[in-house]
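Here we start with a single chain on its own, the form predicted on its own, put down as C-alpha cells.
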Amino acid sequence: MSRWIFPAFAAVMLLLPALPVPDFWITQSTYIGLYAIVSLGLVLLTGVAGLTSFGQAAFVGVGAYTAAFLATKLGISPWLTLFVGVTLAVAAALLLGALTLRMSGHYLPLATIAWGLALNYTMANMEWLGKYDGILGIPALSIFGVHLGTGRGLHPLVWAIALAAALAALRLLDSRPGRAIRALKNGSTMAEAMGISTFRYKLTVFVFAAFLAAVSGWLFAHFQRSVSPSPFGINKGIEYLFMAVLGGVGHVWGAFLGSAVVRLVEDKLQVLLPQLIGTSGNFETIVFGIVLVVVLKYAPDGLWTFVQRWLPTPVRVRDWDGAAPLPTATKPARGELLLDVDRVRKTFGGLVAVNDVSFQVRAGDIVGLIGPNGAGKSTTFNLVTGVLSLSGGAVNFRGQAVAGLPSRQIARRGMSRTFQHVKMIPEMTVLENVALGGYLRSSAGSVKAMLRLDRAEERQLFAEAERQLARIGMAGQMHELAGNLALGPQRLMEIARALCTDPALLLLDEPAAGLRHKEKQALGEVLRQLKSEGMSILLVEHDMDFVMGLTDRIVVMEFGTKLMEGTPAEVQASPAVRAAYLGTEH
C-alpha cells in the first residue's frame, strides 16, 4: 500500500465504532479483525515460507482457553492471561516445529492436523475445561478502569492489534530476516549456500504464526465471553487456511480481504441457502469448496491480485548513498593454497559418481573443472560446497577441513557459489536477490526488523548489492523483478549475489549453460574483470571453448574420474580429452 492508504484504512477501522453504523456492522468487523490476525500468520507461514498448517485453530484455542480458565477459575487479570496464553502457544509451536520442521513433504501438515485433533479432543473431554459446554462468564476487558465490553469498545482494540500485526509483517518481509524467510519457499539449497539456517527461519515463522493465533484466541474469548471446543476444531483450521488462500496467500493484505469475504459471504449463505434448498444445514461449506477450486484455477494468487492492480506500484527509495561499507574478511595472498580437494569420492548405492578426484585452487587463479555431460562435475562441486556429503576423501579450505560441514558453515568461511539451474526468488527485485548474499555480513534479527531498528544496516546491504550489480554491469536493472529477466542476466545476478557474500573463492556451476553466444561473451568479460580484481574462481563447465580463454588451469573429468589436469593448451592438445568429448574411431 502507498503511504496514505494504510493510515486512511487504519483511521476508518479504528474510528468505525464512533460512526452511526449498526451494531451488527461492528460485530461483523470485529470477527473479520479476529480472523485476519490468524490468517496473517498463515500468509507468512504458507504463502511466504511455503509451510502448510491446518492446525492454527488449535493455537487460537490455546489462547482462548487459557484466558477463560485463568480469568474465571483463578481470577487472574486478563492482561496476565494474555502473556500466559501466548507463552503456552509459543512453547507448543517450538515443540511441534522442532519435531517436524526438519522433515519435508507432508509431515508438517499431518502433524498440525494431529495437533489440532488432539487439542480439540482434550478441550471437549476435560471436566476442568467444561467439556463440550466449555467455560462461561469470562470477564470483559478493561483499560484504565474503562470496560470495553463486547461491541464498540472492543472493536478498536481488535483492529489496533490486527493493523499492528500487519505492519509488523510488512516490515519483517522487507528486511534481512524477511528475505531469508522468502527464500524458504524455493527450497533450502540456495538459502543455505548464502549462510542462512533454513530450519531457524522455518521455526521463527511457525512460532510467529502461533503467536498471532493465540492473541486472536485471547481476544475471541473476551469478545464472546465464553468458549467451547467447536470454534477450535480442525474444520476451523481449514477455514482459516481457506481465508488466506482466497484473499491471496502470498500477500499480507490478502489475509484481511479473505477474512472479510469469508465472514460476510458465509453469513449471507447461512440465511439464503436454507431458503433456496428448503432445508437447514451447513451448505455454505459446499459453496466455499467450489469457490476455492475456481480461485485456485483462475486466480491462484488470490483475490488481492485484482485489488492490487488499482493500487500504485511501490518503488524502493534509493536512500543508501553514503552508507557505511559492510565488514569485509581478510583475503588470501596471491598464490596461497586456497582449496585442496584430496581424493574425494561419492557413491550412491552401487554407483560411483565421483571416484578419488583431487585438485587444488590457488588464490588469484581461475581453475576450470570440465568434462562431457555426466562426467561428475556438478557432483564434485556439490561435495566441495557441502550440498552433498563425502563418501571418502577430504576437502580443505584455507587450511581447514570443511568436509561434513553444512553449506552455510562453508559459506561463512568464505566460499560462495552459483547453481547449474538458476536459483532465485522471482517475486523479489534483482537488488533484493543480490542483497540476500550479504546475509552473513549483517546481523539484524526479526524483532529489530519489525520495530524498524534495522534501517542503517539495510542501507548498507543495498549499497553493497548495488555495488556488486554495477561490478557486473547490471546496476540499471536493479529494480526489475528477478523473474522477468532472461537467462543470461539471471546468471549474472547470481554471480552478483555470490560476490555480495565477500568470498575468498567464487564457485560457478555451469554459468554458460543455455546462454547465447553474445551472452557467453558478456559473461566471459565479467569473469575476466573479476580475475583482474584478484578474485579466485572455480569454474565448472562442459563448454570447452568458453573456458579456454579464461582459465589458468583445467581439470578434466570423465565418468566420475579425473582424466587429466593442465594448462588450457595442454588440455587442448590431449588426445584423451578429444576422445572424451568426441569419442574414438574404431
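Everything quoted here is computed from the prediction, not taken from an experiment. One-based numbering along the sequence shown.
If you look for the form predicted in complex with adenosine-5'-diphosphate, you will not find it shown, but the lines that follow are about it.
Heavy atoms within 4.5 Å of adenosine-5'-diphosphate in the predicted bound form are found in exactly one of 409-417, 258-266, 165-173, 346-354, that being 346-354.
Although the partner is absent here, residue 386 lies well away from adenosine-5'-diphosphate in the predicted bound form, with no heavy atom inside 4.5 Å. Contact annotation for residue 374: at least one heavy atom lies within 4.5 Å of adenosine-5'-diphosphate in the predicted bound form.
At the 4.5 Å threshold, heavy atoms of residue 379 reach adenosine-5'-diphosphate in the predicted bound form.
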